[in-house]
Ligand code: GAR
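Coming up is one lone chain in structure tokens, specifically the form predicted alone.
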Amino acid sequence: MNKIAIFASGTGSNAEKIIQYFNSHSSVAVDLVVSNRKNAGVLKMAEANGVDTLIIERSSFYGSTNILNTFKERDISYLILAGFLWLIPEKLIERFPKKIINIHPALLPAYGGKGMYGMNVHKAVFNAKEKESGISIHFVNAHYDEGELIFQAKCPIHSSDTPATIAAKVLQLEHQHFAEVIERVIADQ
């Protein structure tokens, strides 16, 4: 069984879709949801879906091996970033090569990097008068949004769109594709 740990900082709509997708899967299971915010909605959602949770603090995440030990004890195979806002430390990247997957709400390499998350991305896309946006799913490396691309999906932007309507279109793509791409990556390795 390939066990997944999902990292999220917010409400967890992508995490919930992933949990539901793998709920009765024969070879993949969501084992743990990790958050850096003790009041994040993703924690309540995970508990409601019967998934264990872990709250991490910055000093421990970057300065100790506690999280590595937890993943080893739980036999975690893949780390999935679904709206997690911290840079992943080298120790995790080294331990999980090509097994840490992130989703980004834009067509990388455009609109990526530090500070480019959530509505910040959609406002930047809107202000640049782009004709399309979308999602990028990629492996994680030591830099924000610079890992090897796995998958992209696009949606058109019309003159009547706003940052909020762009966000809704992009979220729909995230929910439609993220779990399937995760499944494909795991099956291919």
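The first residue of the sequence shown is number 1, and the count goes up from there. Computed from a prediction, not measured in an experiment: that's the story for all the values here.
Below: the form predicted in complex with the ligand, not depicted.
Visitor: Tell me, yes or no, whether L171 is in contact with the ligand in the predicted bound form, where a contact means a heavy atom of each within 4.5 Å.
Guide: Result yes; L171 sits at the interface with the ligand in the predicted bound form.
Visitor: Would Q20 count as touching the ligand in the predicted bound form under a 4.5 Å heavy atom rule?
Guide: No.
Visitor: Is the gap between F71 and the ligand in the predicted bound form 4.5 Å or less for some heavy atom pair?
Guide: No, F71 stays farther than 4.5 Å from the ligand in the predicted bound form.
Visitor: How about A110 - does it come within 4.5 Å of the ligand in the predicted bound form, if we only consider non-hydrogen atoms?
Guide: A110: no contact with the ligand in the predicted bound form.
Visitor: Note that the ligand is not shown here; using its position in the predicted bound form, name the residues of 22 to 56 with a heavy atom within 4.5 Å of it, in sequence order.
Guide: Residues within 4.5 Å: none.
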